[in-house]
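For reference, the chain that follows is the form predicted alone, supplied as structure tokens.
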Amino acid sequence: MKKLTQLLTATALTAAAAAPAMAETWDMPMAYSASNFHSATGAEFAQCVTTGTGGEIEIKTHASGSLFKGADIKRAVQTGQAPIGERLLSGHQNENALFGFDSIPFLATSFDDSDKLWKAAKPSMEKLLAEQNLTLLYAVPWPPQGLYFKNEVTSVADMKGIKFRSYNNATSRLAELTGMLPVTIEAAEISQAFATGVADSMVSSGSTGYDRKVWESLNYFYEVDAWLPRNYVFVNSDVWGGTSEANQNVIRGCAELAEYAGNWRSKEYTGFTLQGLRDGGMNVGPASDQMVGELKAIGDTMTAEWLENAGEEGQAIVDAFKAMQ
């Protein structure tokens, strides 16, 4: 990892062309804690840009929803309240079903498949974001999503009535179809929500659970590998259009390196964080065959619903992904 960090810095230094003309500060709101690998990657990206532009553009990251809450970040960048930001892509699925392409249950359940699905969907995402005055810079997947519970669960019937943390349309719908009660909770509020009983379960990666020390409140993590959602970094298109070509090239180069580093971190972090959950006292392992079968049947329902809402463009993404298999 140290080599990746050095590469980011070296590339930035090479790209720096001249002394700064007029320095700009770009505040970059982020939803997750500073210790999260997405935030760490974003901080290195910010430093790469600051160094690579010779200080003409200084990016300052603001983790843990400290500048804008996660749900408000995209709107803040669209309207120019912040020039750049990071957000969970599927967090916008209520605006357009296409944003939820990466949260179709059991469609892409590995890093390789996640990469293929991203290649299939990226042109549509860039077009959709451009229509909203946003320019995509890079995107990084979370580790595979598993299910967290306070008490042991061996079937969908055991989930009925459990308060479930939701963070996008897919997780809310999953709660409804399993009989759980969805409660919208931002990442920065997870620890408090579990500690106070606002929620007793969630679907998320080992990374989120490890970062928030959920073993203090929860006891079980089931590896169901439901999907690999993505965080993405984006910039206001008006701001981007006012950025010199030289600095755009620097930012694009830093973004490419950040995406590579983020992907690497996500893969390495998967095993590390699951072991961290075990060390914290949680029971970590695969779900029962019965629960897996029931969840996949629910996944079929959710896939059909997503395709209906996403229309021809959504079907084209799924078809392009399957063609790569």
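Bear in mind that the values here come from a model prediction, so they are computed numbers and not experimental data. Start at 1 and count along the sequence shown; that's the residue number.
Not pictured, yet referred to below: the form predicted in complex with pyroglutamic acid (PCA).
Only one segment in the set 200 to 208, 242 to 250, 69 to 77, 115 to 123 has residues whose heavy atoms sit within 4.5 Å of pyroglutamic acid (PCA) in the model of the complex; it is 200 to 208. For the candidate spot formed by F99, A170 and W306, no residue has a non-hydrogen atom within 4.5 angstroms of pyroglutamic acid (PCA) in the model of the complex. The contact with pyroglutamic acid (PCA) in the model of the complex, taken as any heavy atom within 4.5 Å, belongs to L88 out of L174, L88, L107, L147. W142 is the sole member of W142, Y232, W215, F221 with a non-hydrogen atom within 4.5 Å of pyroglutamic acid (PCA) in the model of the complex. By the criterion of a heavy atom within 4.5 Å, L129 is excluded from the residues contacting pyroglutamic acid (PCA) in the model of the complex. Interface residue remark: R165 is counted as part of the site for pyroglutamic acid (PCA) in the model of the complex, having a heavy atom within 4.5 Å. A187 belongs to the set of residues with a heavy atom inside 4.5 Å of pyroglutamic acid (PCA) in the model of the complex.
In the model of the complex, Y32 approaches pyroglutamic acid (PCA) with a heavy atom inside 4.5 Å.
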